[in-house]
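Form predicted on its own, single chain, as structure tokens, below.
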Amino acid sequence: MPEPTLNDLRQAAKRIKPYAHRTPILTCESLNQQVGAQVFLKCENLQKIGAFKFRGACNAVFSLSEVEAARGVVAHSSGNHAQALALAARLRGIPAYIVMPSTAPAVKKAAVAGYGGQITFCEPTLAARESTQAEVIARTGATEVHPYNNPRVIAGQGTAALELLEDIPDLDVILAPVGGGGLLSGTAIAATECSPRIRVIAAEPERADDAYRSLQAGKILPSEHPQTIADGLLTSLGSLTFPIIQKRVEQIVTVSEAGIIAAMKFAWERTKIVIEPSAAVPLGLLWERKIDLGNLRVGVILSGGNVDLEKLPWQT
């Protein structure tokens, strides 16, 4: 599959405009002082379903032909992608078949069902998820919408960075978290095509550093027993996202669990916005100052704000 072009991202922006929020960009003087840079926060925590994933799912769903759409869409997911796809499908008036592990939290099951997703439960293994999805496709003819290894999804995710660059065009650096690489790939295409001087840097938890290791090794190394509170960043890179990241991302910097928690707590207290641990990872990169971004204008994609309020990481 060819990587999405800047034109694909611009078409995605037009396609999703009636449905997705154009999220605000916030600044916080106390954050700037704390990290020694001028920081612009692109608040995808305020996107529909509380995460950037709605952009990609929406673009994928509304890109389908009428014949494809009538058969519906399918994905295996227990997270934000499941909710995003279910909502996008409901907006188009087509079925969304979501394969979820039976062990998924009740709140996530309820959220997917609330958006109209038709859930099929399976055992909590990748093999079971994939085989169950294959059965659903065989039965319904639905189109699979992968959460990140899909050019239409990547193009949709890149619209967040397009908006950021339209509003704040003179950035020096854009930071984004990396899990499967869909958001980072779309961000990198938007940034490097719109302004080649902008540096794109990814942030990843130290305890889930497969993307960092993959970039060093020059090949995809799978995620092995990741142990991080940033539970949205547990997946390995995809065959489509990895080469984009290799070509367009300057470096991947790892962040400690303590740095993630400190940055998340600071954001809640000082910016007054709710972000999830995965969204705090790029802030943690600034917080720990592992690379010198002092006095630069730094855009940060805050990926989401879906938090279990019963399990906040600074509560003991």
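One-based numbering along the sequence shown. Predicted model, so just to flag it, every value in this text is computed and none were measured.
Absent from the display: the form predicted in complex with a further copy of the same chain. The rest refers to it.
Trainee: Heavy atom within 4.5 Å of a further copy of the same chain in the predicted complex: which of L26, A37, V253, A69?
Mentor: Answer to the contact question: L26.
Trainee: Out of the stretches listed (268-276, 53-61, 284-292, 244-252), which one is close to a further copy of the same chain in the predicted complex, meaning heavy atoms within 4.5 Å?
Mentor: Selected range: 268-276.
Trainee: Is L6 one of the residues lying within 4.5 Å of a further copy of the same chain in the predicted complex, judged by heavy atom distances?
Mentor: Flag for L6 set to no.
Trainee: Using heavy atoms and a 4.5 Å limit, would one call K17 a contact residue for a further copy of the same chain in the predicted complex?
Mentor: Contact with a further copy of the same chain, no.
Trainee: Is there a non-hydrogen atom of L46 within 4.5 angstroms of a non-hydrogen atom of a further copy of the same chain in the predicted complex?
Mentor: Flag for L46 set to yes.
Trainee: Check L309 for me: does it contact a further copy of the same chain in the predicted complex (non-hydrogen atoms, 4.5 angstroms)?
Mentor: Within the cut-off, so yes.
Trainee: Taking Y97, T103 and P226 as the candidate spot, are all three within 4.5 angstroms of a further copy of the same chain in the predicted complex by heavy atoms?
Mentor: No, none of Y97, T103 and P226 comes within 4.5 Å of a further copy of the same chain in the predicted complex.
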